Every structure is written in C-alpha cells, then in structure tokens.
Ligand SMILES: Nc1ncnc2c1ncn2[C@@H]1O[C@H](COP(=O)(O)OP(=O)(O)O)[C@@H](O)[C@H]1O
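Only one chain is shown below, in structure tokens, and it's the form predicted alone.
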Amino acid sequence: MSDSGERKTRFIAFSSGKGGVGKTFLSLNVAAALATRGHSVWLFDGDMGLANVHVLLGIQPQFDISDAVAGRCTLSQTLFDGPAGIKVIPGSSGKRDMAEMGTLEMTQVVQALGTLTPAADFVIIDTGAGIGKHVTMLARLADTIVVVVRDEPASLADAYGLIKVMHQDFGNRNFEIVVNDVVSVPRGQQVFERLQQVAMRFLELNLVLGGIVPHESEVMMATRRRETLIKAAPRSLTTAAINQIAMRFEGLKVDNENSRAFLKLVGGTARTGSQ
C-alpha cells in the first residue's frame, strides 16, 4: 500500500470453469512475460488441493501454502525463485485438508497476500477450476478475472457458469476472456463471440477479449522440458500471443474501491471466525 493507503499492486486471477484448458500454463508464462518486461511479479498457485505450478517448473519447494496455514512458516517463507525473476508462492498438492480448507483459513491466506513486502507490481493468481469457495474468494481479490477457455462446448458452458456466479453473486464485471490452444485467430474470435453473446443475452454483461493463443507443438516441448515458453520458443506465435496479453495487463488499473471493500469483508470474517 502507498502512503495514501492506495494499493498499487495489480492482482490478476486466472480462472476457468473446467480443468485441462491450460490455465496454469498461461498463468506461469504471462507472469514470466511481465517479469521479462521489467516488472516485479509474484505467482500464487491458488489451487489448494491440486497445485502444479511447481510441477511445471520441475521444482520441489521446501515449504508450500499448507505449511503457512499450519503455522510452520510464514507466507513469505514459502516463496521460491521462478523463471525470469518471478517469485512463486506454491500451493499444496494431494492434501485433502487443504482442498477442504475452511473460510477462516482461506481468509488468512487472502489477508497475507495483501501484506507481503516489498509489494510486487503484479500478483498473478492461478486459481483452481470451477466455482468453489477457494476459487471465488481468490477471484474476488483480483482487479480483473481472466477466464481461460478452449474451443470445446464443455469449456464454454463451464466458463459461462463461472462468470455468472462471479457476476451475479459477487458483483464482478471485469472479465477478460483468453481463448487458448485454438487452431486460428478467426476461430478464436468466433469462440469468444459465442461466449459474449450468451453473457449479453442472459447477464447483460460485456466481456473483453484478452487474447487468442494458438495451438503449437512448442507448448508441449516447453512443458516436457520444464521451461517457460518464452525461454524455450521465444519466436513462436504462442509466445507472441502471451506477450500481447502481458502488454495488455501493463495498462490495467488497480480497483482500490473493490479491494478495500473485499479486504474489509474478509477482515470481518476473520474476526468472527465464521466457517
């Protein structure tokens, strides 16, 4: 926070209605792209039960979010150095108690994210898939919610479900749609327009096209090598698309009104200890 009490860190949540759409891959690579452009970036793996950012990087962290929640370390002690200078806050994997974590513990995580110092320029949150309370709490903290979709009926249907919940239940209006792993830019535009039409018809909500990421073999190559795509294939079309998404976020404005209201809300939750 600045001396005036205004937050300057931009929080961006990458979410999806269903798993398997490339959300974590995009979170990691957009974070690396922003860092390469000179920004300080934290990447928080917010999938509390099945985290895998560290798996994509081939790193086994000493501590993860479960250790911080249990009091074995602070949240800042979970940070490890990722590619391009990003700092990674690892989630937990294969721990049912974390997947079923209560509201009080989740509130403590959210509050801790807002107090890490020195403040980063960007905090990229890779939420879990779906519309569970862990996803919605982390998404509500963000200045914009990036909804990742693929050209599949189930992906679009579940993405709409996520948007509907975040808009109708929590009042979010800032959604950027990223169409991932698509055969062509025109096809990606068509996929976005289908989702946009449904959102306008039933929610009267205007969505924003945040990016179209093409299908390329380099993506699988980078994943197998445990590297970011911007390092493994810096001249690929997919890398160019990811860099364009990162450039869009450089112009993102901090929603201080939203963050103050939400942090006040979770602060009240923490004091009451409600579950």
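Note that residue numbering follows the sequence shown and begins at 1. What you see is a predicted model, and the numbers here were worked out from it, not measured in a lab.
In what follows, reference is made to the form predicted in complex with this ligand, a form of this protein that is not presented.
- Query: Which of 65-73, 210-218, 36-44, 246-254 has heavy atoms within 4.5 Å of this ligand in the model of the complex?
  - Reply: In short, 210-218.
- Message: Is residue 11 part of the interface with this ligand in the model of the complex - any heavy atom within 4.5 Å?
- Response: Residue 11 lies outside the contact set for this ligand.
- Query: Would residue 238 sit within 4.5 Å of this ligand in the model of the complex, counting heavy atoms only?
  - Reply: Because a heavy atom of residue 238 falls inside 4.5 Å of this ligand in the model of the complex, the answer is yes.
- Should residue 181 be classed as touching this ligand in the model of the complex when contacts are defined as heavy atoms within 4.5 Å? Yes, residue 181 is a contact residue.
- Counting only heavy atoms, which residues in 22-40 are within 4.5 Å of this ligand in the model of the complex? Residues within 4.5 Å: 22, 23, 24, 25.
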